[in-house]
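Take a look at this one chain, the form predicted alone, written out in structure tokens.
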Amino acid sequence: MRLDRYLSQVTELSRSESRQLIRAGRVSVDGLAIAQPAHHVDRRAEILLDDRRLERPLPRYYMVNKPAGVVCATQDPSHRTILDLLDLERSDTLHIAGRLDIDATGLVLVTDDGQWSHRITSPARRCGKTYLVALKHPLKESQAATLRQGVSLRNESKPTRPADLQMVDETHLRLTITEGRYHQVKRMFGAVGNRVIGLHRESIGSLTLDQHLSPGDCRALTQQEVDCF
């Protein structure tokens, strides 16, 4: 994280005020005076402002039961956002670990811990996301077989990774994927000749959406839930 951003987050200073103090030599990192506002700092660094140690607040982690019509963005001029649902102080420090389309519902994770969210969203981690999918047409066995093998999507050179499918009935299934490509679930079913008409994310990794959360509600994660990733 940039040093000027760190200061603005742990104090009441604006970014511009933070930059002025840094350039004036009033901020040190691990015992060294730093005059560059863009200097990178991490959570373990000891940061002093005029010999006063600055303590960053503990990281925050939330699960949200996203309703349809809410966008997974920090701000939007036309729609309510996930952060609007949270209605928390210092919301500008939070970000979304794995987005959902505006018409999709279900589990969304929000945090200010970048390393934690990277473990969830990085393709190399292959963190599974499970969705309850409603289809317009009954799923054919040939379509299911293609999805389990990997689907070639338009304008992409590599097919999707093999998906896990569990049929609920002929037009509903649970789908687990380990990628997060743009509109991936809808594009996968479109590629095999079907259409998604309902999409609800039930889990990310081993973390399942709390059934007691109504659409639009959120709660902080327990330490055990945070440690899932």
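So that there is no doubt, residue numbering starts at 1 and follows the sequence shown. Please read these numbers as outputs of a predicted model, since none were measured by experiment.
Keep in mind that the form predicted together with a small molecule is not shown, yet the notes after this line are about it.
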item	value
In the model of the complex, the residue from D92, E156, D76, D101 that sits within 4.5 Å of the small molecule by heavy atoms	D101
Option touching the small molecule, based on a heavy atom within 4.5 Å in the model of the complex, out of A163, L199, V41, I34	L199
Interface membership of S28, the small molecule in the model of the complex, 4.5 Å heavy atom rule	no
N65 within 4.5 Å of the small molecule in the model of the complex, heavy atoms	no
is_contact(N194, the small molecule) in the model of the complex, heavy atom dist at most 4.5 Å	no
Contact label in the model of the complex: V185 to the small molecule, heavy atom within 4.5 Å	yes
Listed range touching the small molecule, judged in the model of the complex by heavy atoms within 4.5 Å, from 112 to 120, 145 to 153, 93 to 101, 80 to 88	93 to 101
